[in-house]
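Okay, so we've got a single protein chain in two different forms coming up as structure tokens, structure 1 first and structure 2 after it.
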Structure 1
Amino acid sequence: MGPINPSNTIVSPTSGWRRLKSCRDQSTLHRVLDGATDDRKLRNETLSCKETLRNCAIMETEEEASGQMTDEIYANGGDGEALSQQQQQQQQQQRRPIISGEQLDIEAYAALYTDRTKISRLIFIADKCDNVSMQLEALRMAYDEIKKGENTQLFREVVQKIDGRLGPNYGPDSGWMDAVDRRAEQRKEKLENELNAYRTNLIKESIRMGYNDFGEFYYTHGALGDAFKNYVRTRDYCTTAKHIIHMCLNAILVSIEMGQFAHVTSYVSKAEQNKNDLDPITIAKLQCAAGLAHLEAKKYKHAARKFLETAPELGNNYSEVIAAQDVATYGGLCALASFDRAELKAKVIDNINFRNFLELVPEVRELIHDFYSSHYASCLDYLGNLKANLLLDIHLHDHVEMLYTQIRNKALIQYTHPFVSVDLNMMANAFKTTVAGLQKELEALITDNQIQARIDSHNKILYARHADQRKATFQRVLQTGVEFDRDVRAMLLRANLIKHDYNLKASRKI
């Protein structure tokens, strides 16, 4: 990372290209791209824009970019035509509001997950992403993945989304669908027969297994509601704590897929009642699920606690729901948004367990450390770079804006906290924003009473406001006196009015 060394850029056309990919200087880019077909020309061009390049700070690991680059070329056939497509794509990328050139590596991302969540995540990316090649890439992988399973409903959806854009290999494979559907029919019949047999024999364990099989059957075929019902039905036939935990995990899995996070919370707590039979991996799974439920309910502090408590045993064991990387990202961001400094230090930075997770996502680790050591600009930079990818996350995308605002407000508050006066120009620099914009943000925070300060908008200085205790006490005492006076008089009056009413009634009686 850091400023690029210009002499390195002229190794090969592709590598030069790759390095320039994230360069923000559009003119340089275009010049280089135009000449990319000719090695020599490129060399000259690249040399001529040495100066520009030197100024380009590219926060990008070369390996990732190169991997992606080859992927893209490969996907497009790698011929001359590919380049012009690349060019278009490049321009599209430029138009996107994200500064980072570090695009989501879909293949690496998808490799973290298995089963249905992999497919849903890929489809989610395809829906949210406005980059056509990424969309198609995601859809292609989703298509391949579904083909391995038996979910024809999802298959139809994906095929519709692909809409023939990936060539004849990715069309509606009706032969496969029919075969799968037929097999499913048969299997369902078989399962029904089995279950009926079990039920007539009243063998508890077998009935449980029967319902379980049904749950699994529906799950693989995408009927989540039915799957959930069947999994929950096993509950009556559970004989050991292990069975109950198993049932809960299944119910949680399906609920997460369905987005029913209220169920998740209740089944997590149900599973946690059987403390003695929980192994560390299951505990970690349950914590992740609870964390997700809290996240979805916007209880970021609780979510952060759950993710931070997750044991490293989780590893890749819960890839059907969440990857270890996600634990780090979700936990880190929620913690930043909701913890104070002391808690951040104690529960995040000094947390050995969580450190293992953070190592997986160095950006998050760096930004947490930057936040704690008050390098807000760099922290916000990291956040800005991550944003595009986080918005493509199936669980986090809804909360990114809110978490970001909270983190930013926290940073602003922390920045002003130790000072008696702050120069707004310097502060704006530190936060990479304009003075006017900063002033608006500060104004909102002061009005909210989150910062005790006042802005000298003439000289652009923020002055901390120290409450004058003596004055405030006097004011409060006098105010209380006036209120007491008024209230007591009003009360006496009311009492007299009530008494009068009594007198009237009494006189009438007489």
Structure 2
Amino acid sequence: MGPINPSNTIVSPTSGWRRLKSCRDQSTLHRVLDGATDDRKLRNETLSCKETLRNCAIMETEEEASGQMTDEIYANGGDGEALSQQQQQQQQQQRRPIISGEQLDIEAYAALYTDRTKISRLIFIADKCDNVSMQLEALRMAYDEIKKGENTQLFREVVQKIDGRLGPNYGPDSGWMDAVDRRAEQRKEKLENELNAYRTNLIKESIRMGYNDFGEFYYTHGALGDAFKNYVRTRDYCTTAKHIIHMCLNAILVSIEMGQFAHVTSYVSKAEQNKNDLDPITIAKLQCAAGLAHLEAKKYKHAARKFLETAPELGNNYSEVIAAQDVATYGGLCALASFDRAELKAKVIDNINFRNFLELVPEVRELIHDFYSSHYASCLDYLGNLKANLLLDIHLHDHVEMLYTQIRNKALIQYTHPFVSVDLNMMANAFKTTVAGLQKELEALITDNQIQARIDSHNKILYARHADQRKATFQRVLQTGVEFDRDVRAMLLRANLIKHDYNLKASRKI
């Protein structure tokens, strides 16, 4: 059998590689070598076959890499028609493990909180939710929770909201309210007598405890203003740093309930002045309180930093204000809206402490990773599914629209940044929107000078408008020269004043 010419074997890179592999498996190559009688011919044929095998292997590797790159481009918003259905299903399974758009489980949600904030959140859900069954469920749970305490004022509000829709068992209970009010009057009289006795004896610790008891009494009965005043009065009688920290935490708790976040910031700063006496749990509580204050002030970057700095020791130790799941949600959304890619990677994705919080809310974790990986369609899907439940959050409700707008704008800016030109049809496909809607969004960003580009509305192409580096360099040089000239003139003037001893001395008033 004569030698096989490798050049006649290869038809295409992939088919040639298959044929050569088939030849190798069937020992055809060895038969070719055995049939050669001339040593020089044998060496030439061996080298030729080895080189052909190596070239085909390189071609196959390049094809695989090209295929992977193509898949990645299409996954980021390219034309998905070139991908097979099987590949698309595999990608969707890998990138969308958890999209939860189901209705909020009110019972599980309420179980994360305790005390007054649990009732406040349930009432907030009842006020903001359009689903009647969810409204009644929230009001029923709020009714039951209030009956465990002594806040008759809040009880009357909930009964009024129920308006008899839950039957006779959830109506106005006059007997319970009268009994609670009688006990409250007796308790208040007893506390006043004790406090007067402590004042007479001038015992600072007892006076502090008396005001603290009064604060707890008013807080339990819903008189938040009086509770705040009594908690603050304990400061004059604090003898240790721990007493001051305890006073600050009480003032912060009541201020959050009243919505007075300026007080929250003030008392967080006062508590942080005693760093040596702060334990990890207290530090985490202060970080959360500061984060809520910044969130309310729409300072999303500062809020994100505070939530990201919260230690995992927080756990459920601050359930009277915030849950660990809230830390992940608030911190993650604020970070997406305000951080650049480098900060998002360093302070969120690579943050080991914050990762513990993100594990509690997989949806937020996945949307952060999708945003960083430029899988914007998947990221926006997560945001869309979370929106309904986030609008029922007592602290995040007023900020959802603004945060979502900032996150979407950042996604649009990051998508267009690396390219000289972008096809708006492909971009609209990536963001799951219409070309007309996308064009309006881009026009707003261009007008606001957030994207340096121009839109070809006829061909639907976005062209980047890069700055003239040469011109910018000359402008910087000229500006540096002007500043240098000004500084030199000022130095010469001062030197001449000193040389001629021209000093203006201020006249001293007697």
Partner chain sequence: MNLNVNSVDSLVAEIQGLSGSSQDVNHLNSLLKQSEDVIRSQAATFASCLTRLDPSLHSLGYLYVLEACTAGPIPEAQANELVLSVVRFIDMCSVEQIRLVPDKFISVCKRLHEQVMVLGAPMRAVAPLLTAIRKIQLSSEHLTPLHPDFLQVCLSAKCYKIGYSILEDDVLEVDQPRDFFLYCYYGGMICIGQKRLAKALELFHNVVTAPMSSMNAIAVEAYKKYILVSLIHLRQFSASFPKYTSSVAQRNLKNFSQPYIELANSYSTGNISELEAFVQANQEKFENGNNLGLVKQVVSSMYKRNIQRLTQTYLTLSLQDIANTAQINTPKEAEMHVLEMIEDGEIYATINQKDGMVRFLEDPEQYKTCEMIEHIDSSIQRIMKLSKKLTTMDESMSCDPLYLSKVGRERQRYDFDDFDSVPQKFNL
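For residue numbers, the reference is structure 1: its sequence is counted from 1. Note that the coordinates shown come from a computational prediction; the quantities given were computed from them, not determined experimentally. Under this definition, the rigid core comprises the largest set of C-alpha atoms superposing within 1.5 Å between the forms.
Visitor: Determine, for this pair of isolated chain forms, which one is the form predicted alone.
Guide: Structure 2 is the one predicted alone.
Visitor: After the core is overlaid between structure 1 and structure 2, has the C-alpha of D456 moved by 2 angstroms or more?
Guide: No, D456 moves less than 2 Å.
Visitor: By how many angstrom does N496 shift at its CA between structure 1 and structure 2 when the core is held fixed?
Guide: Displacement of the C-alpha, rigid core superposed: 28.3 Å.
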